[in-house]
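Before any questions on binding or motion, here is one chain by itself as structure tokens, the form predicted on its own.
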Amino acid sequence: MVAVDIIFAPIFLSVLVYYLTKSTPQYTKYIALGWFIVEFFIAFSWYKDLPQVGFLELGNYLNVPQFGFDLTLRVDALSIAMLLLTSALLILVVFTSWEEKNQAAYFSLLIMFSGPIFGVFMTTNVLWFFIFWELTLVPMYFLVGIWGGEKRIYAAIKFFLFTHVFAMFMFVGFFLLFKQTGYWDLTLIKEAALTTPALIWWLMFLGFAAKLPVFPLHTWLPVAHVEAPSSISVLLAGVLLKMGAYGLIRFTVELMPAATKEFAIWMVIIGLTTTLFAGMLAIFERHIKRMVAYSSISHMGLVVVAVSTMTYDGLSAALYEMIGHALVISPLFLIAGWLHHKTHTWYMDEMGGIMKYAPYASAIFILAGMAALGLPGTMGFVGELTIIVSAIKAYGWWIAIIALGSLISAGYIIWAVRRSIHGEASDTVIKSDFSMTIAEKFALAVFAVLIVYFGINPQPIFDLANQAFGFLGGM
């Protein structure tokens, strides 16, 4: 029952915790921290029990045989990678939200979010996948809408409506699959012959592409990032965007490989356009958090190109980039939000000289920035290099144009560091108090260590990829 409990218990636990800690809200963060640590170790225990190829069976629940409505729970290495990443980020988000206002409600919503997001990565029933996908929107809507900036309501509504509408495309695709095969379960659908998957493929692709997001479906993300609290931006970039990439691999590549191969060139065009377009927007951006948001979108374009190759090298590079992107972009969002909190400005040309007044945060901002532009010795280098190599292997040398994305990212990162970290300190910076809590320092230090550790020792992630993409042998 552990498997199903870890999905539904947080929904009830969050309500219980909220009412029990209303008078002592300072205890809510300890309960949230404890719960997320338990989730991490449960996911890790499943990782230890994984078969070399295929799924670890976790059971069937809520059986309704005549409708095939079973909540089938299985995990493979791809699922485990997402579960470990999600629970690790939730733990770090607690530390970065240590002094957040209205703690009983805030941490209760974080606990609630952890249930359906685990369901997304654990179920192989596409109907339940859609239900959990939609349920993640509810706590995230309130976290952006209550704790966000001045335009938080607009950002929360746009985020909710945009991703919900495109999720309906995905649902129609799932329903057409059910109509053709009579099954909701991924493993049974794979065994059935699909005769007309083109429409289904495009419906699903639109749902996942909007979540990633890719050009031109990206417009909801910069608004959401700018208005969301920085800790919630970590979840948006580190977890919610990965739902789109996970869906692309799980349901387009694994379920409909022939259609994915047929439309791969469109994925390449969309991925390249996203990488270059979002990168150029980042160069001309003065707003530090919006610049990081466009950088995030640009890197998701690389993931789409890597997935389109449908090779072991390409999918391994995509998985590495998904994890690396989460660990690299998170400290950039956190420091951008922290700088705004301290200086009361979002604009880099109104900062300057921060290194002198906040050397700890400045050093980690530079490290994460260097990783984002692909500096050797960091996760960014391994992720971008493996994607470029796998794309050239699959499509030839013309695809080397994707390397322009790294050049563009070097431009906006170095320009951002020059304007905000170095140079003469502005009056705004001189008058600001750059004190940082121990919890904030700890979270940033963990991100920095992981960026360097997996940058010089990427093998553990590639070992996970080796298990995750065993299904390619059957194509």
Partner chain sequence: MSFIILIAAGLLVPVFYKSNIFIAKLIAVLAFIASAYFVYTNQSLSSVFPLFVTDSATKLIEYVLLATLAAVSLSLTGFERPLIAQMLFIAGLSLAILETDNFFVFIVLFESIAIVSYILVANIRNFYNAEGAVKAFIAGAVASGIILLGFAFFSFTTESFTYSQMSVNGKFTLIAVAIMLAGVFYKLTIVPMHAWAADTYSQVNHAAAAILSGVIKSVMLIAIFKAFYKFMIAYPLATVLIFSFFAIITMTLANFMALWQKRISKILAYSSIAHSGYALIPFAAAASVYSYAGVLYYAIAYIFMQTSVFLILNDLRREGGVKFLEDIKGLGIKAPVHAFLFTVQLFSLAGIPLLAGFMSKAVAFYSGVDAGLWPIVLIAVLNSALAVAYYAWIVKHIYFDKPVNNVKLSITPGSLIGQLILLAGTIYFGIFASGVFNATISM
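Numbering follows the first chain given and starts at 1. Since the model is a prediction, treat every value here as computed from it, not as a measurement.
If you look for the form predicted in complex with the partner chain, you will not find it shown, but the lines that follow are about it.
Using a 4.5 angstroms limit between non-hydrogen atoms, V64 touches the partner chain in the predicted complex.
Taking the partner from the other structure, the partner chain in the predicted complex has no heavy atom within 4.5 Å of any heavy atom of F462. The partner chain is not drawn, but in the predicted complex it has a heavy atom within 4.5 Å of I131. Interface residue remark: F12 is counted as part of the site for the partner chain in the predicted complex, having a heavy atom within 4.5 Å. For the partner chain in the predicted complex, the listed stretch (322-330, 283-291, 247-255, 146-154) containing residues with heavy atoms inside 4.5 Å is 146-154.
Just one of W266, F178, Y357, W202 comes within 4.5 Å of the partner chain in the predicted complex, counting any heavy atom, and that one is F178. Only one of W338, Y141, W220, Y106 comes within 4.5 Å of the partner chain in the predicted complex through a heavy atom, and that residue is Y141. Although the partner chain is not shown here, in the predicted complex the stretch 153-180 places heavy atoms of I153, A156, I157, F160, L161, H164, V165, M168, F169, F171, V172, F175, L176, F178, K179 within 4.5 Å of it, in sequence order.
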